[in-house]
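We begin with a single chain expressed as structure tokens, specifically the form predicted on its own.
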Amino acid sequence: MKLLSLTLKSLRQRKAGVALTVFTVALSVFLLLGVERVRTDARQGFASTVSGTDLLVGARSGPVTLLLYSIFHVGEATNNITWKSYQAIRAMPEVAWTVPLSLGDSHRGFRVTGTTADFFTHYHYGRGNALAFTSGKPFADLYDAVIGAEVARQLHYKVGDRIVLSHGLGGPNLASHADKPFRISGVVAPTGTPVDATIAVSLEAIEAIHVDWRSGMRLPGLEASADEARRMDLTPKAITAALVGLHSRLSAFAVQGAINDYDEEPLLAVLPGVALGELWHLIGTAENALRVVSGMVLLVGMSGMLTALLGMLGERRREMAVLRALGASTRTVFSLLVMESTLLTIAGMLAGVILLDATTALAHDYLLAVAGLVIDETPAPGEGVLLLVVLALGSLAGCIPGWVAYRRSLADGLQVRL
């Protein structure tokens, strides 16, 4: 207790230096835990891009390829699923619901997805979160469109605005469907998933804008107006992929096998969680980079505290000598400096955790809307271990100035320098 009391009194004599050291440690802990929380939540968010969906079905290719073009809108599908096959899958007794996805058009760089209103009911992300609307509602009219939060933010769109879709996914020679404009009926709240950068329209709308198109070209002399398209049979002929929900997950492998062995056309059914795990494994380099950044942040923080302690030690040589003259042993002086370092580390850790929690709470919505990052306020699983490592390194850092003070002689401290 005497040593603790002596340490606290010593720290109170150097308030400015102590505050600066605590701030350095707090900033290091803030960055260290912040990077760890971003890494953990990014991985969890990526793995939960699709939740509650038991199977993802598309044309036969590879699981990662199917996941990339159907969910992340990266690349293009190798083939489509016929509407007949989709109906056969939908009619399976084990299947509870299906959501068709039709891709291939775009609007100013954002992908357009043809689907049904069930998409807004059955698509879940994260920990089972359902889609919500910041304004408007799902499409009801043939030429209604629902836009994601990122689309609304970048293009400054709002409910009621008119947009024109383009045929194809990009390039300078995109042909537009200007004769059939859409009205924005709703804006989906930020999700941190590819839905934010998506424009959703009905499957019938996809058929309507292509009634006078064949093989990517408008048919001369056969143009159909928007009202004429309404009166046509708009039953889809093919879709790109489908989300499938089952009555029981126990039947997932049986349904997956039945779809993969489907005789009418080559199909592929994958478990979204497994495919997401494979994809994350492929891009795991980014996660390793974040780990390296965490280690460097910790190293820099501890180096800063060590520098501050050594700097203060130079100013305290007379104080150490006086303690020795009053009977303090070299071991006491050593313990005093190690305890100071430990207390400064604990104070910095507490300040860093408080700063991180406050920042996370205040910036949660901003990060989700601007960067698509969902940073959970709940501590990441590895944060406790990291804090113990910081505490151990902080105490260890105190050993260095303690050893320096231990080696200095009494005469060195009491000698008056001119």
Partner chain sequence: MKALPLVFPFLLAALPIAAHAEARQLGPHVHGQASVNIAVEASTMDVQVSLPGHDAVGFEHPPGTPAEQAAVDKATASLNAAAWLVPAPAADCTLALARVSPHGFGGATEAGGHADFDASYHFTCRRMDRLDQLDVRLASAFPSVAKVVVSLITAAGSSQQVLEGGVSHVGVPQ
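Positions refer to the first chain, counted from 1. Just so it is clear, the model here is predicted, and its values are computed rather than measured.
The form predicted in complex with the partner chain is left out here; the points below concern that form.
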{"property": "Stretch in contact in the predicted bound form with the partner chain, which is absent here, among 241-249, 294-302, 181-189, 320-328 (heavy atoms within 4.5 Å)", "result": "241-249"}
{"property": "Non-hydrogen atom contact Ala152 with the partner chain in the predicted bound form at 4.5 angstroms", "result": "no"}
{"property": "Partner proximity in the predicted bound form: Val274 to the partner chain, non-hydrogen atom cutoff 4.5 Å", "result": "yes"}
{"property": "His210 within 4.5 Å of the partner chain in the predicted bound form, heavy atoms", "result": "yes"}
{"property": "Contact label in the predicted bound form: Gly104 to the partner chain, heavy atom within 4.5 Å", "result": "yes"}
{"property": "Selected contact from Glu94, Asp118, Glu278, Glu287, since only one has a non-hydrogen atom within 4.5 angstroms of the partner chain in the predicted bound form", "result": "Glu278"}
{"property": "Residue (of Thr134, Asn260, Thr332, Ser166) lying close to the partner chain in the predicted bound form, criterion heavy atoms within 4.5 Å", "result": "Asn260"}
{"property": "Contact set, 41-79 vs the partner chain in the predicted bound form - heavy atom within 4.5 angstroms", "result": "Arg60"}
